[in-house]
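Coming up is one lone chain in structure tokens, specifically the form predicted on its own.
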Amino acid sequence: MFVKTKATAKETAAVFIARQINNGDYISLGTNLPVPAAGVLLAQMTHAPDAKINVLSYFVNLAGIESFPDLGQIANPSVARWADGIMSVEQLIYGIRRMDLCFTGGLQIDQHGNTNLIGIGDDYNNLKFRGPGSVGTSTIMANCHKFFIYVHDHSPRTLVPKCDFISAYGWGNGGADSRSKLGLPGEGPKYVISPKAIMDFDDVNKNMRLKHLLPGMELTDVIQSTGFDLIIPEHLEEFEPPSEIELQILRERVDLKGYLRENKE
């Protein structure tokens, strides 16, 4: 039953993501990213019913389903029941440049949107912590039209001045031409979304910049929780809060198990 309580930070982030999606967009969803997944599903259930969602090797359409069973398991072969089509590995690879939006996470994200899923430490053969590896993000984020970064933890150990390793190239050492110099066709990272805030990048140097505070968050906490000098605009943009219908769809159709309402990530 829909409970009329205020939107949580994660629900607000999901709504922000949904509002960036256009009808007909080709979107790729990865694993362990319930907030981006919720945003994509919300968009398809509202204003983007013709969005093409790629999960694993399937194109799925969830616009008309009554509810999604488990947001935490979206990258699961069970999504085949909603598949409009199945792609081979070759088709997936050659389709990357047509992807309008992709998502990635990271053990570390630096001020220029480079991400690290490889590991923590300065010696690859003796890492303090080993991550899952780049798992395709190097190729996908270099070639897709644009990508959003979602990070589960907003702290100086995650948002760092410089990544120990780079699995997905963002804006390199900075500069709006840093990707074109390498011949990368993609537009690069557009937003970084954390449990505390939504960030983008300035136009010239591509340094990370605060765009929106999420509900219940204080500016001083965001600044102190970031391991580099985050650009703080003189006036933060106002974000229109989630509507009642957006929250109702999130809670009754998209996120039945409450990943966005509890600390399940």
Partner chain sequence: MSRQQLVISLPEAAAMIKDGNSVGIGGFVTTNKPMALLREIMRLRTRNLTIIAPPSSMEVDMLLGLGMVEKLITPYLGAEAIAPLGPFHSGWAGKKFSIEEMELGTLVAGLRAHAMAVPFIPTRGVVGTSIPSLNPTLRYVEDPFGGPPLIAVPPIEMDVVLIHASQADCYGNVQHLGATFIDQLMAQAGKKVIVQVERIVSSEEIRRQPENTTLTSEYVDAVVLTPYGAHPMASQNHYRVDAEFIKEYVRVAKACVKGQPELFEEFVTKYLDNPHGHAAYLETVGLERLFSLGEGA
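Positions refer to the first chain, counted from 1. The structure displayed is predicted, hence computed values, not measured ones.
This protein has a second form, the form predicted together with its partner chain, left out of what is shown; the following refers to that one.
- Although the partner is absent here, Arg157 sits far enough away that none of its heavy atoms falls within 4.5 Å of its partner chain in the predicted bound form.
- Taking non-hydrogen atoms only, Tyr169 approaches its partner chain to within 4.5 angstroms in the predicted bound form.
- Although the partner is absent from this view, Phe228 stays clear of its partner chain in the predicted bound form, with no non-hydrogen atom inside 4.5 angstroms.
- Remark: Asn23 counts among the residues lining its partner chain in the predicted bound form, judged by a heavy atom distance of 4.5 Å or less.
- Shown alone, this chain has one stretch from 219-227, 232-240, 200-208, 44-52 that lies within 4.5 Å of its partner chain in the predicted bound form by heavy atoms: 44-52.
- For the stretch 96-115, the set of residues having any non-hydrogen atom within 4.5 angstroms of its partner chain in the predicted bound form comprises Arg97, Arg98, in sequence order.
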